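Coming up is one lone chain in structure tokens, specifically the form predicted alone.
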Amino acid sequence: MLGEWRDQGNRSGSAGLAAGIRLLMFDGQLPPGTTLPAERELAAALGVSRTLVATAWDLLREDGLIVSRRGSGSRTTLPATPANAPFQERNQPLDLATAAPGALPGVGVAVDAVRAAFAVELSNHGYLGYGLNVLRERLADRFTARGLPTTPDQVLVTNGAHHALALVLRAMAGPGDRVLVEQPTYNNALEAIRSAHAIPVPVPMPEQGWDLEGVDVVLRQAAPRLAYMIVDFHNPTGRRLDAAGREQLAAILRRARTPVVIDETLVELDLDGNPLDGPPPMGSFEPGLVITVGSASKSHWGGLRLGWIRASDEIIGRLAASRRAFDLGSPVFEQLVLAQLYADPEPLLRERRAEMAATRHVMVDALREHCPTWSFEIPRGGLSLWCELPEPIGTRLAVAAQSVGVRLAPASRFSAHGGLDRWLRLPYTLPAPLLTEAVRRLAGVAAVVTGSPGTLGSDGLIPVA
């Protein structure tokens, strides 16, 4: 993890080692509460003197970044973190309502790398309605590499995919308009549609794949103004529409002349392959009607709060004009950081995919051990399992799980009209030990959930991502 740690600071050694540890902490790879190796052990591993390590530890203590206790060693902390409470022991719930991992290792390095570029930007006004040019260029290059030739003029940078969808709804749908959605679908998309005073019209998904004939019927009978679909590692089911299905879907949309928002937030998380080798983006099948939205929230880090829209030049112009009612652009510094991450995206994204494939395996094993009557398909990508429960207890389970420190999102939130109480979305984005513990607790709760249907009460405001 330290890599070329002598290059991270003063070449006297101790300052370099301290700088290397500091960088790992600020990059999220050594979170607060991480136990550090003993001085003698680390000195032997690095081939340096114990005095050098001890001096580095002293420097980190002065900065409030590690705390030591005789007999229990040293561990990482942060100045704003209570030094007497190990990170894992604080009263924080195990969050299975949020399908989003921590920051991608490398975000902290990118922050350091863009400081000079940020200094240049300080001489400008900072209002970039379309987004930073270098980021638009690199996002366009990524689309092109995936099989959808794209120019920077066809990309609009937004404050996340949710913001992107809200912009499209404002520009292309009005109060009372219908919007076709899958059933189930991403719950925050449903909230965005309702907030635009539009009406979600669901097309149920069968046990396998998509009901494209049902999509065709709804488009002809309900005449929705817009459609919203997730064809890459669908949230929450994890399914992916193959190339033949995309071609059929494009033909259906073309006949109905219905624009569609394709949410590609999870496209980079192909855990069994490579996004560059997957089915071509939907926009390559119907460039005129497909509006693609994406986000760095799941692949890189939700704290960047950046997303994008890929569409025709004409639609991008309309959306940029409509945007002025929401905001005047996305933060410049975060755009520089994301542009740095997309300068050579594959190495870091491979790390993310390997990380999520490992935690997916942990979640599957934990469910098979502790909840053997729950059934699910192992998705090829994405961040969660869509579990079928033996009884319709999903909402009651979500209510009861809060008493054992586990936060769940009832499946009814992924439905346009409620229901789905036999289903549960379980993200595998927590560290492996916490995933196993969360499933163990859920198994205990499920064993005692009975009778009354229950209600979420005030905790129904738990955010879901």
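Numbers for residues come from their place in the sequence shown, where the first is 1. Nothing here was measured: the structure is a model prediction, and the numbers come from that model.
Just so you know, the form predicted in complex with a small molecule exists too; it's not on screen, but the next bit is about it.
Taking non-hydrogen atoms only, residue 160 approaches the small molecule to within 4.5 angstroms in the predicted bound form.
Shown alone here, residue 268 lies farther than 4.5 Å from the small molecule in the predicted bound form, counting heavy atoms only. Not displayed here, the small molecule is approached by residue 298 to within 4.5 Å at the level of heavy atoms in the predicted bound form. Within this chain, residue 230 lines the site of the small molecule in the predicted bound form, having a heavy atom no more than 4.5 Å away. Only one listed stretch (197 to 205, 289 to 297, 344 to 352, 214 to 222) carries heavy atoms within 4.5 Å of the small molecule in the predicted bound form, and that stretch is 289 to 297. The contact with the small molecule in the predicted bound form, taken as any heavy atom within 4.5 Å, belongs to 235 out of 330, 77, 150, 235. Scanning 305, 254, 361, 380 against the small molecule in the predicted bound form with a 4.5 Å heavy atom cut-off leaves one residue, 305.
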